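Here you get one chain, nothing else, as structure tokens; it is the form predicted alone.
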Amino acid sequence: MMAGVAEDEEKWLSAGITGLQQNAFYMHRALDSNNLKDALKYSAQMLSELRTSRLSPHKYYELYMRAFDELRKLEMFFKEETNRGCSIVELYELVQHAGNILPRLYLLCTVGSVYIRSKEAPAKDVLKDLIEMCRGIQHPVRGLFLRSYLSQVSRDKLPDIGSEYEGDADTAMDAVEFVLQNFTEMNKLWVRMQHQGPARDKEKREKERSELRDLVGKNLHVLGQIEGVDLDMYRETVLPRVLEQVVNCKDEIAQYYLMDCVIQVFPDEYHLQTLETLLGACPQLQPSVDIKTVLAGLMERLSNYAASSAEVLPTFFQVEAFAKLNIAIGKVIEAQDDMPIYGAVTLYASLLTFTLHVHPDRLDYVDQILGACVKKLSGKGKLDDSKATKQIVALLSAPLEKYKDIDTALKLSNYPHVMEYLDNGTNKEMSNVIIQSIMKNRTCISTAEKVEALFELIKGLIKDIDENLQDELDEEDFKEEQNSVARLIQMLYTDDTEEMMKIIHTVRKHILTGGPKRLPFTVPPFAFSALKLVRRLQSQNENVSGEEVAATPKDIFQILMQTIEALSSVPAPELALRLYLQCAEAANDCDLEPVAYEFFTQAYILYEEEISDSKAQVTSIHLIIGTLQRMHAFGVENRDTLTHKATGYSSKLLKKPDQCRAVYACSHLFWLDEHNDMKDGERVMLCLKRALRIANAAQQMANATRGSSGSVVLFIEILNKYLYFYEKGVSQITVDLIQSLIELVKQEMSGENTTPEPATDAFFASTLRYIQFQMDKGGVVADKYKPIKI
């Protein structure tokens, strides 16, 4: 059916074009021979093709454009005729004798254009006559194109101020009156198109009408270009007349398009001064009109205007632009009950952007907008509309981008309430946006109250809002989120130690609600932040001894002990052990022996009860030995207990090489250069001998199981420890012991079953070079090394 109609239309269009071209041909012949009578005859017949009602607007436009081109040639002929002495007045009357009204009016408009140009009559009189004559065509499509032609031929001949066709004192008003009348009539015709034809074709007709909208809109463009339209005329005449037509036509397509045209065509300063009138029309529009897009466009233009120059801002304050826009948006939302949430939030987002440009210092305005948004969202629950959530993210992001300071956003009481309406996924995205803003602008959150507000704001990342969603989250995304939170914790800082203590309490309260999956990410930065405060308090206590201090290192260590214990629920014993050792070292720096001992005790318990993996045990024991070596706060008894345990753990490692290395590392626990009371050569020697025995056992085991001796690297490593302590002055280590160990290494390396290892050979060669270097050095050191034979 549709295909048949399309084919028929093509035939009718083809027939129309053929008829038009034939008559145009004869018209050209008449023009060439200066035969005015025949020219008018054939031009009228040519224009009769435009009387058709069979064509759709799109096809009619094709026919019209061909006729338009021919009429331009005819206009040139009329102009030449007047130059040759033909009376334009007589010509104007002569064309009115055409038989059909439509060709007659096209010819009249064409001659009228030449008539105005001749200046034999005032432009306003000719235009008034033409506009009245055009009322004779009431068919929507034919009337629209006729008036479009009138607008086209007259636009450069309006009696505007400064124009060559300028008339008396009210000349601009005459021009405006002509354009407004033409606009009004065209809009009526355009709106009437919806009633042409059966109801089933309504969708098709609406599409056709949308294609013709520019014919009507061009009138507003012409109005915007008239020089004589100043602010007063725009306020008193142009805008009220245009809005009256827009409101009264009660047509969705027309109202939306024309409102958008008004906003785009006229200057921003005019909109600002007539804001009340323009906004007053919005609630009167049809409920189905997409008013949110219209208002958003208006606010975007005004925002850009405000941003263009600081000089225009006083005008915004003077006309109370914010109050008017705010009231108008409220009325529109109230009038359109069925407006989707997405539409309302879009309006509030646009108003917020406007406010941030015009009133960046008025946080109460920003909070007022957010409050209105909360009111609209109340009772809706979590939003599942992706368009609405996207707009809410834009709404919440705008203050962050403008102020570049989360402190400002935290002052907005309604900010967190808006976030509550985001679904869990989007809530996390918004929380990430907030954290990234803090990182990017290096914002320091310096009070416990702000930290509380911030953590409440980003609670979607701090704890599980919905337990069911936890498993659905991608592991990489989760890690990225929690790493962001970890970085945020490091940004929470103030020079006031008492306030910092409150911040630490606040952070701890929130991170402990995060569940076992989050604790490994959040506890370490919290612990290091707390340890920073410990060191600051320690330095303050040294400077102001005797004064009462609100927070003490001991208090913080108690908090840390309880917090690290929470990692047992994960479980993350290796991480907890590292943190216990860090705390023990910090307690040592504060000379808090009982506290340091307790942290070590907890580390040892974790090692014994929780850490069973052999690699993890090796790493842990070396961390324990390294930390214990740096401790100076322990008394003899406590130190002996801890070192004894450490050496015991070392000798119980699964692999012999690991045992050997851990045992010789323990030798450092008994010889500390900076502490004379911690130098025990006997126990150093005991550790090294035990390490040597283990290395021998490892060699024998390798020989028994693989048929070849194992690597001699352990012997070389022990040799290096011998040389280290020999230099440090451990009397129990003699030249003979070193010499025998060198010979042992050489013997093992030259054995039949030994597999050559370049790295081991290089290590031993480097050790011998070091001995030679010390011999060549001269002085006391050289005297010590000279007895050694390499």
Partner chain sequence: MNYIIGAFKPACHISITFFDGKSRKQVPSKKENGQTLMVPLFQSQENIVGKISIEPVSGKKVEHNGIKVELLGQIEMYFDKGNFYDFTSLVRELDIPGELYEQKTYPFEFSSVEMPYETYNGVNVRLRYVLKVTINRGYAGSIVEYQDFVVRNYTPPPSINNSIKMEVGIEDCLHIEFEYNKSKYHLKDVIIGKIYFLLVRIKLKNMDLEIRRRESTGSGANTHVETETLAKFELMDGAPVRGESIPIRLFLSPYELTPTYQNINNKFSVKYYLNLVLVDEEDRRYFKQQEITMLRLAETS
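The term rigid core refers to the most C-alpha atoms you can superpose between the two forms while keeping them within 1.5 Å. Positions refer to the first chain, counted from 1. No experiment lies behind these values; they were computed from the predicted model shown.
The same protein also exists as the form predicted in complex with the partner chain; that form is not shown, yet it is the one meant from here on.
- Residues with any non-hydrogen atom within 4.5 angstroms of the partner chain in the model of the complex fall in just one of 515-523, 407-415, 90-98, 265-273: 90-98.
- Put simply, of 510, 359, 104, 502 only one has a heavy atom within 4.5 Å of the partner chain in the model of the complex, and it is 104.
- Comment: the partner chain is not present in this chain, but in the model of the complex one of 203, 232, 132, 476 has a heavy atom within 4.5 Å of it, namely 132.
- Using a 4.5 angstroms threshold between heavy atoms, residue 136 counts as touching the partner chain in the model of the complex.
- Residue contact check for residue 578: none of its heavy atoms lie within 4.5 Å of the partner chain in the model of the complex.
- For the chain shown alone, residue 728 is not a contact residue for the partner chain in the model of the complex, no non-hydrogen atom being within 4.5 angstroms.
- The partner chain in the model of the complex is not approached by residue 558, whose heavy atoms all lie more than 4.5 angstroms from it.
- Contact annotation for 179-194: residues with any non-hydrogen atom within 4.5 angstroms of the partner chain in the model of the complex are 185, 188, 192, listed in sequence order.
- The Cα shift for residue 734 between this form and the one not shown, taken after rigid core superposition, is smaller than 2 angstroms.
- Relative to the superposed rigid core, residue 60 undergoes a CA displacement of at least 2 Å between this form and the one not shown.
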